[in-house]
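Before any questions on how it binds or moves, here is one chain, the form predicted on its own, in structure tokens.
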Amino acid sequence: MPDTRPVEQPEDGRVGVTVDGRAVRVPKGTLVLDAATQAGVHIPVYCAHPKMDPVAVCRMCLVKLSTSPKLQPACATVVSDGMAVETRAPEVVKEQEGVLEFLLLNHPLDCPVCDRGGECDLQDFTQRYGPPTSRFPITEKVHFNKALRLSDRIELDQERCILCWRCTRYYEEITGEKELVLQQRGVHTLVATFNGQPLTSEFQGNLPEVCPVGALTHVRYRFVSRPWDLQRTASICPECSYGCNLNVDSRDFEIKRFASRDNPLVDDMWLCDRGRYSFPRWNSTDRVRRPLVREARGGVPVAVTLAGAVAAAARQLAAVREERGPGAIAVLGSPESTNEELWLLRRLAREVLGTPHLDHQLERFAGLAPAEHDLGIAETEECRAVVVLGEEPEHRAPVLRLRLFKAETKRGVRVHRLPAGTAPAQAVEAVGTGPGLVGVIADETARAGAAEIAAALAAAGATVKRLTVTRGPNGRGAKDLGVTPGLDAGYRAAAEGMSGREILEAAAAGRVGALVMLNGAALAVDGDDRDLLERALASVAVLVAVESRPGPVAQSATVLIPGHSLMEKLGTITSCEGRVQRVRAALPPATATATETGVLSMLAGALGSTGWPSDPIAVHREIVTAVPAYAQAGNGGRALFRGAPA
């Protein structure tokens, strides 16, 4: 006879549940909604959101449970061992049809003109779960304001709102700013700004993505495109070094919007407005499109082929090196270049041209070491306390503020925002002594103070990890790969050279005869720095520039080779926490010229060093072979230089 005794389940902290007959084991404390998702069963939700606490107000996710005589909300009910869940029982279907019928009672017939058409949960769920007909006349609707501007970025259509509370909860739980409220009562309830004031949050651009319908929309995306007309490319936000994941949505060779792409270890699916609304600058048609060569300073630029431009650049650089030595040549990269481009630029400078004068920014930061990047973004939630020095870290990487707010409100982490010049003893007094993980976050200008505070906290018994918010989307990658004076790839010591500012000063004074610039227009220069740059460009005898945008660098170049924008590239960039993430081409190239890696490979060959890889994928293989931390990081992991020289 068969053995009919029940099978004993292991004590592994999990419980057994069946969802529509599908058995699944999930951790204790799991919500029914999440258990159903794991079992491959879809339950419709409006108010539930993976980043917010459950409230169970929309009643769309009601399910039948073996443990309850009444239907229960799947988004707010915890599973129990042996529970059986039915999501398509007759009473469940009736409730879902009723909820949708009431939601559509006053909803306008806007689908043909609504920006959310094609990616609207109300539209989708009505088709999948809604009743075939409505029992209410479409002429007797309660009307609210339409196209109500909440700011220069967000527009609200109060008629489309289904009162899921997501937007108000977003402001309460995610940003803590509380700019949206619910007004009136009953059928007249509506979402509005507090006292009618415009939204001021730096994170209001997340509202349309939080909203499950078309009530909250982007002003800049209004009537622009339908989702099925967009080409979506997974990429990384190009505005800062935080490394937020995003989707680049393009159409007709233009970027139409940036949309968030959830990475719980980095952005937690949120974008700042500065990054989200930065996409128009990548659509500029004002570009460098053909190679140009001036045989002499002040000469007339002549259009040539790429091979001719590379040959001219090699000839001019070799002449300076022969006449004045390799020390008369300097190389400037950019934090907007990919790791693959920076790697070849470093090889060109150190191995081919033989110059130690190599940098990617103006300032010199002494004592650069991987230890200042030990703290991961998600690790802030595991700290007992976090010290943030000055306003710069959260200004340069705004989404860091949301992560710290989450750590403070949901994880109980004490966040201490102290002035950049705070004495170590004062920091210890604020944080307190004793064991536990303490994070110290600073920007590059406060690195020295952060190191002193970290040492003092460690002496007081804490385990301390630091995070330095670097400048530009790939400032960290430039440092890791040795595009900085005095350090080679992997933070190994190299011949001391001039910093970016010192290079420009030397060029302006005539001590540098040749300058190679990769994406030089991305250098952060303004005020006196801009004047210094212009004097340096006017004084240097040879200027080889790989440049995508017109400007002082392109206008002054003796050899100008068209470059590509970050939205046209394939490669990787490294965030401030060392996460090596891939960027992909979201737009076709604006020039027929080879990629920057191809140009650098050709230039090295013209200078006598052949056999270099030109494909970004092949260059990346070279990087991971030479830099073990990048091999361990893989695609999307963190490069941790354990045991690297300080």
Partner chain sequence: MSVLSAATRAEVERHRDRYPQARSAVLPSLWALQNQIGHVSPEGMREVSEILGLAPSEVEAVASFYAMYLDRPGGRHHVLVCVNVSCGLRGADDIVAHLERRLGCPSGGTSADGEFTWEHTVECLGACGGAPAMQVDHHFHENLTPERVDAVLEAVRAPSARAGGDRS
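Just so it is clear, the model here is predicted, and its values are computed rather than measured. Positions refer to the first chain, counted from 1.
Although it is not shown, the form predicted together with its partner chain is what the next lines describe.
Asker: Give a yes or no for R185: in the model of the complex, does one of its heavy atoms lie within 4.5 Å of a heavy atom belonging to its partner chain?
Answerer: Yes.
Asker: Any of the heavy atoms of D268 lying within 4.5 Å of its partner chain in the model of the complex?
Answerer: No, D268 stays farther than 4.5 Å from its partner chain in the model of the complex.
Asker: Do F194 and its partner chain come within 4.5 Å of each other in the model of the complex, heavy atoms counted?
Answerer: Yes, F194 lies within 4.5 Å of its partner chain in the model of the complex.
Asker: Should E179 be counted as a contact of its partner chain in the model of the complex, where contact means heavy atoms within 4.5 Å?
Answerer: Result yes; E179 sits at the interface with its partner chain in the model of the complex.
Asker: To test your reading of this chain, name the stretch in 375-383, 134-142, 185-193, 561-569 whose heavy atoms come within 4.5 Å of its partner chain in the model of the complex.
Answerer: Correct option: 185-193.
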